[in-house]
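Just one chain is shown here, as C-alpha cells, and it is the form predicted on its own.
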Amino acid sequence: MIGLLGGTFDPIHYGHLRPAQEVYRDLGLESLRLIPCATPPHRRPPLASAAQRLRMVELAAPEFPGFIADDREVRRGGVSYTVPTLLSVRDDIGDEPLCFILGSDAFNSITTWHRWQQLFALAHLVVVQRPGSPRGPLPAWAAPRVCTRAEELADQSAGKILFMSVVPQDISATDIRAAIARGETPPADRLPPPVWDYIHRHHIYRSHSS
C-alpha cells in the first residue's frame, strides 16, 4: 500500500511527520508521499513560496525511511485540489491500494471539497485523530465504508475509511512562524534540523508575523 499526505507544510514540522510515521508503520505502507500544495483551496495563501515549501519537504523526508517528497501539485500549479492529484498518482501506480491520510477536522468538512464524491473511487481515507477523541455519528454515506483493520485496506485499491489514533503532537506551524518572526529559534523538537537551517539561511518568515 502507498500513503499520501498533503498539506501547505508552511513549514513542515514534526507535528506532521511523527503521526505520519505512526501511520506508515501501523499500516505497513510501502512508501508515504508528502505532497506540498501549490495554492490551498480552503485557507489563506502560505507565507513561504511553493518552491520553498517543496524544498523543506525534500529536506525533511530523509529522516523518515519510506517517506518521499512528491512535487506534483507544485509542478501543476494553481489551486491544489485532491481529486486531480489522486488521478495523477493513479496514473503512476495503477491499481495498488492507495491511502489518503487526513485529520479528523478535514474529514468532517470533506463534503465541501471539490468533487469529493470521487475520492472513494481513487483512494482509501485514513483519518487520524487523538486517542479517545469522540468521533460523533457518521454520515450515512460514510458508515458503510468504515473498516477496522489495515488488512481490509490491502484487499482493494480504494473505497474504505479507517480511523486511526496517533500520539498527539502539540506543534503548530503558526506558532513556529510567529517565533521565527520574533527572531527566536524554534525548539529542536519542533522541526527537522535541515528544515530549520534552510529557513534560517533564506530568512523565511522573518519579515512576517503570524
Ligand code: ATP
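What you are looking at is a predicted structure, and each value in this text was computed from that prediction instead of being measured. Just count from 1 along the sequence shown to find any residue number.
Another form, the form predicted in complex with the ligand, is not on view; read the next lines as being about it.
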*Run the contact test on 31, 94 and 156 with a 4.5 Å heavy atom cut-off to the ligand in the predicted complex and return yes or no.*
no
*asked:* Looking at 56-64, 181-189, 168-176, 148-156, which stretch has residues with any non-hydrogen atom within 4.5 Å of the ligand in the predicted complex?
replied: 168-176
*Verify the contact flag for residue 128: yes if a non-hydrogen atom of it lies within 4.5 Å of a non-hydrogen atom of the ligand in the predicted complex, no if not.*
yes
_I'd like to know whether residue 106 contacts the ligand in the predicted complex, with contact meaning heavy atoms within 4.5 angstroms._
yes
*Answer for residue 3 alone: is it within 4.5 Å of the ligand in the predicted complex, judged on heavy atom distances?*
no
*Heavy atom to heavy atom, is residue 102 within 4.5 Å of the ligand in the predicted complex?*
yes
_Need the contact residues for 1-28: heavy atom within 4.5 Å of the ligand in the predicted complex, sequence order, or none if there are none._
5, 6, 7, 8, 9, 13, 15, 16, 19
